[in-house]
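For reference, the chain that follows is the form predicted alone, supplied as structure tokens.
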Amino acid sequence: MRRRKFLQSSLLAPAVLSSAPALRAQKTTAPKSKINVAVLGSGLRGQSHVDLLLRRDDCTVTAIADIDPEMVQRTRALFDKQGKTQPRYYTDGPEDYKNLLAKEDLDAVMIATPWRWHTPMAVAAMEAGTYVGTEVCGAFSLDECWELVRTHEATGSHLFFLENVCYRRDVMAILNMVRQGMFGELLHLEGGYQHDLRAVKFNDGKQPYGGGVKFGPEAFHEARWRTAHSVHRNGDLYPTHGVGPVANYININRGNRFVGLSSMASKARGLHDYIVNHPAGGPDHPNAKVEFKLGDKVTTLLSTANGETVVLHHDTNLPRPYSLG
């Protein structure tokens, strides 16, 4: 059976196999020509999703949840530009998305909020009977990973991680070549996320990280939450850009699986040096006193059940060109 036919025929499976409520079964067994979509988080990534959704004739964006007035205003402008009816906005605090899920008639939810919100929002949306597309990373612990799996199994609602690198044309071209056997048997793969994000992580030096005016053109909003991860966590904070494509190449969870992991990080120097040497910073800048836990270069080695090895690279603190490794 070809993949597309399989996907089409399997759309009915959740309603048949799960113990979800009758309403959920009705949603799955009655195909629609147009679906209702809500977007949780209308920042820059969320606005990108909204813009793409508004260009389609097979869906309607019916609701938006966000706590940032400026981002909401920018999102409103997207609807005006496309001549589309404004959705309902849920802006009354970070938990207002729960009211959205309770009140709206939805088929799908797109999650583009800061990382920490992905799991609770995805779980709540699946429990509300909607399909979920969530930006990465998704989970912050093994417990959260299992929470996502078990919620899907209990509700029959599907969860899809929006790992965009898997769908780059060059990455898909390599996947096609792998599946045609052009490289023979694969033994070792490498990938990663190497992206100079220093300008995204800081403001202009007037307040501590994430607190005020931006260094870079769009740093202000993302710095509010992203910089804290570099302060308090050490590890590969963003692994799926690298692991997504290579997992497809070696059929992870399609007959193969990862079975081992070893990871190490270098010392942290890049963010501190950036603050001290930036024209708006300096040694007396408040951020110069921050101790960053995130190592500048994180290297992870994975092993698989079928005997391949994978190396992943993570580097968002150093001056370097963008590279997937």
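Everything quoted here is computed from the prediction, not taken from an experiment. Sequential numbering from 1, following the sequence displayed.
Omitted here: the form predicted together with another copy of the chain. The next part is about that form.
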So, residue 297 and another copy of the chain: in the predicted complex, are they within 4.5 Å at any heavy atom pair? yes
Can you check whether residue 279 is within 4.5 Å of another copy of the chain in the predicted complex, heavy atom basis? no
In the predicted complex, does residue 169 have a heavy atom within 4.5 Å of another copy of the chain? no
Answer with yes or no whether residue 188 is in contact with another copy of the chain in the predicted complex, where contact means some heavy atom within 4.5 Å. yes
Go through 64-72, 37-45, 281-289, 263-271 and give me the stretch that gets within 4.5 Å of another copy of the chain in the predicted complex, heavy atoms only. 263-271
Can you name the residues of 292-325 that have a non-hydrogen atom within 4.5 angstroms of another copy of the chain in the predicted complex? 296, 297, 299, 301, 302, 303, 306, 307, 308, 309, 311, 313, 318
